[in-house]
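Same chain, two versions here, written out as C-alpha cells and called structure 1 and structure 2.
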Structure 1
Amino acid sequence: MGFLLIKRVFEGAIDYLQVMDEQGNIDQANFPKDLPDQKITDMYKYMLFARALDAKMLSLQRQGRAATYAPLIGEEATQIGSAFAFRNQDVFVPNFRQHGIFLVRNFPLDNFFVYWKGYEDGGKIPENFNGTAVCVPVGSQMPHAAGIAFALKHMNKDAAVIAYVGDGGTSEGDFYEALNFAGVWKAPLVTVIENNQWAISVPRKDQTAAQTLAQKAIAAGIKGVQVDGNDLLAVYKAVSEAIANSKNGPTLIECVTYRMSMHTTADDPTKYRTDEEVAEWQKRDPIARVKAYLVKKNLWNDELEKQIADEQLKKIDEAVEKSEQFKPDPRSMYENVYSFMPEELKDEEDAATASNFWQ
C-alpha cells in the first residue's frame, strides 16, 4: 500500500460586492453606515462635474485647442466613489484617466486644461495635494506607489496609497512586482483596477485567462475583491474598508466598469467593438442609477440638475479662459530631468530659449 503524496495546500475565492442596482435600489445590509444622503448628493454632483469636464475636453481637442485626451465617461462611479473614501493624508497615484479624482482633490482646473493642451507645466502637483502626476506609460506608476506606501509605513505614518491601473496594466510586470513587494512588506497600498473591458483595442477576454482580475491578489498573498464599478456606493465601501485595513497590509480592488467612449482621442473604438455592446453597458450608466436613487428619496430634480450644470459649466469655461492665457516656457522641458543639468542639455535649453518659436 503506497503513501498518498498529493494534497491540497491552498484554496482561494474572490467576493463580488454590489450595493446599488441599475434601478437605484439599495441592499441595506451592505449600505455604508458612514454615508448620509447629503454626501451621496455631493458625490453625484462630482459625477456630473466629471462628465461635463470630459465633454468640454473632447470639444476642445476636436477644435485643435487641446492635445490627445483620454475620456473617462462611464467610469464616474469608480473614480468619485473611491475619491470620497480618501482621507486627507492618503496619497493618490493615478495613471492617465483619473480626471474625476483630480476634481475631488481640488487640483486647479486651469492647470488641468494646460496639461491636456500638451504642456507639462499644467501637471505640476500643488503643495499639500498628496498625489503624483499623470502617468501615461502603462503600469509604470505601480512600483512608485508601492515604494511610497513602504516609505509611509517605515515612517509610521497613518496614511495609505491609493493607486489606479487599467485592465491592460494588470498584464505588465510592474503591476505584479508592486503587488508582490507590497504583500511581502505589508505596505499600506490600495490598488484600484479600473476594468473598463478594453485596453485600447484588446478586449478583457484576451488580456488574461484568469476569471477575475481581482484574483491576481491571491498570488501576492494579499486581499482581493471584485466590485460593481458602476455602483458608487459599492466602490466607496470597498475602498473605505481597504484604507481602514491598510495598516495591516495591501488590498486589490477590481472595479468592473466600462469605457463608453474611445481609449483616447487618437482612437476609433468602432473599429473593434460593436454598437450593441456599448448599448448594453449604457443601461448600466453609473450616473443614471445614482440619480434614480436620489429622485426616489426626493433629494434631486431636473431644476436642481440644471442649476448645478450651469454652475459647473461656468467654472469650466472660466478655467478654459484662464488656461488659454498660459504662455509656455521652453525651460520647463529641461528642468527636473537630472539632479544636475548636463552641458549638452544646457546647450539645447539655451537654443530653445533663444528661439522665436516660443514667443
Structure 2
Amino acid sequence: MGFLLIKRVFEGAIDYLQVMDEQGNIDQANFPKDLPDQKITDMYKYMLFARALDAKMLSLQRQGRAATYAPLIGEEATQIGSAFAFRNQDVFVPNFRQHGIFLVRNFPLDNFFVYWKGYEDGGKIPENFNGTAVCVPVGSQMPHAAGIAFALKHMNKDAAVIAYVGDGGTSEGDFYEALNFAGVWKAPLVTVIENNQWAISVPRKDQTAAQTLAQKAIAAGIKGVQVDGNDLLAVYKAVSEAIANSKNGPTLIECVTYRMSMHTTADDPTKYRTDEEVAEWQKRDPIARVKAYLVKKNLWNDELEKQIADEQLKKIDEAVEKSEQFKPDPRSMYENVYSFMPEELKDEEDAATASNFWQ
C-alpha cells in the first residue's frame, strides 16, 4: 500500500485596490506617489471632456450625422486614469471604446468625427500618436499589443504598451495567446481590462466562471491585480506601477467599472438589464467622486465647471464643423490597400471613375 503524496505546487491571490471611495474620501496609505493636485484636476477635466464628447457623438448619431458609435459613459476613470499614467513613449492599443484616451493622446478631434462618421480617412494615425487604430473584432488587438511590446524590448526602447480589452474580450483565444506570449517574452505589456460588466447583453457572470478577470494573469505567469475602475486614483496608481515595472514583464489590470449606456447606438439595454442595476452603479459615478474630492479641497467649484464645459463644447463643436467639411473620395478606397497599385485594381478604379455610378 502506498501513500499519495499531495503537495501544493502553486499558490496565487488577486488583490483589489481602491484609493478613493464613492464619497471622495482617500485611503492615504494607498495614495499614489508624486501625484500633485494639479494633475488630479487635469484628469478631472479630461473626464468631463470625455463625457461631453460622448454626449455629442450620441446626438450626432441620432441626427444621422455619425455612424454606429460605442459610448464610454461610466468608464471615464478607467480611461483617463490609465491614460494619465502613460509616458509619451508608451504605445496605446485600443479596442473601440477608448475615446477618452484618444482625447488625452491629442488625436485630431476632427479626424475622430470623420472616422466615426464612417470614413477611414479619419483613421490616419498621426506620427506622434504612439498608438494603433480602433480595433473592432473583440480581443483581436491583444496579439498586436504583445507583438509591439516584444518589438519595443527587441529594439531596446524604454517604453511599454498599454492595451485595452473588455470583459467579453477576455473570453477570446487571442486574449490568452497574447498574455501567454508576452509572459514568455517578459514583454513590457500592460493590459487594462475595462470590465464594464456587459458584453452587449451577456453579463459578467455568464462570461466566465472565474471569480475575477484579473486572475487570468496567473495562468500566463504574469502579475494580475483588480482595481475599482470607477476610482480615478486607483486606476492611475495601478497603471503607473505596472508601467514602472514593465521592464520586468507584463501586468494584467482588471478595472471594475460599468457601462452606463448602451453597447453601441444600435443596442437597447432595457431588453436585458434593470433600471435598478443601473441606478446602483449611478451611485458609484466615477466623475462625481473626483468632484467631491476636489470641491472638499477647494480645488474646484461650479463656476470653474461651467467655464470648462463651455471651453470643451466649443472645441468639440469646432471639430465637428471642421469634420463636416470633409469630402470623401471613393478613389481613396482603392489607393490605400497595397503599397503598389495592382493592375486589376487600377482597372476597376478607372472603370468606376469613368462611370457615373459615384455621382
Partner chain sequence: MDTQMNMVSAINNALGTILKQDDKAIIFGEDVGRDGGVFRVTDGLQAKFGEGRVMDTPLAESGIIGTAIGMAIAGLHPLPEIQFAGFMYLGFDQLVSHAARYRMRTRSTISIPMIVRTPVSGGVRALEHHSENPEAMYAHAGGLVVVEPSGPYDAKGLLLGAAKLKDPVIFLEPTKLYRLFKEEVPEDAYELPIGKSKVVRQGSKLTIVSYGVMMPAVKNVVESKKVDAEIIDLRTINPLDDATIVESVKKTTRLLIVHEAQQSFGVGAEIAARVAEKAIYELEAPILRVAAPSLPYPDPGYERYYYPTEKKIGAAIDKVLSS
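Bear in mind that the values here come from a model prediction, so they are computed numbers and not experimental data. All residue numbers here refer to structure 1's sequence, counted from 1. Whichever C-alpha set is largest while still superposing within 1.5 Å between the two forms counts as the rigid core.
Only structure 1 comes from the form predicted on its own. In the core-superposed comparison between structures 1 and 2, the C-alpha atom of E22 has shifted by less than 2 angstroms.
Taking the rigid core as fixed, one finds a CA shift for F10 smaller than 2 Å between structures 1 and 2. Once the cores line up, the CA of F326 ends up less than 2 angstroms apart between structures 1 and 2. When the core is overlaid, the C-alpha of D350 ends up 2.9 Å from its other position between structures 1 and 2. After superposition on the rigid core, the Cα atom of F340 is displaced by 4.1 Å between structures 1 and 2.
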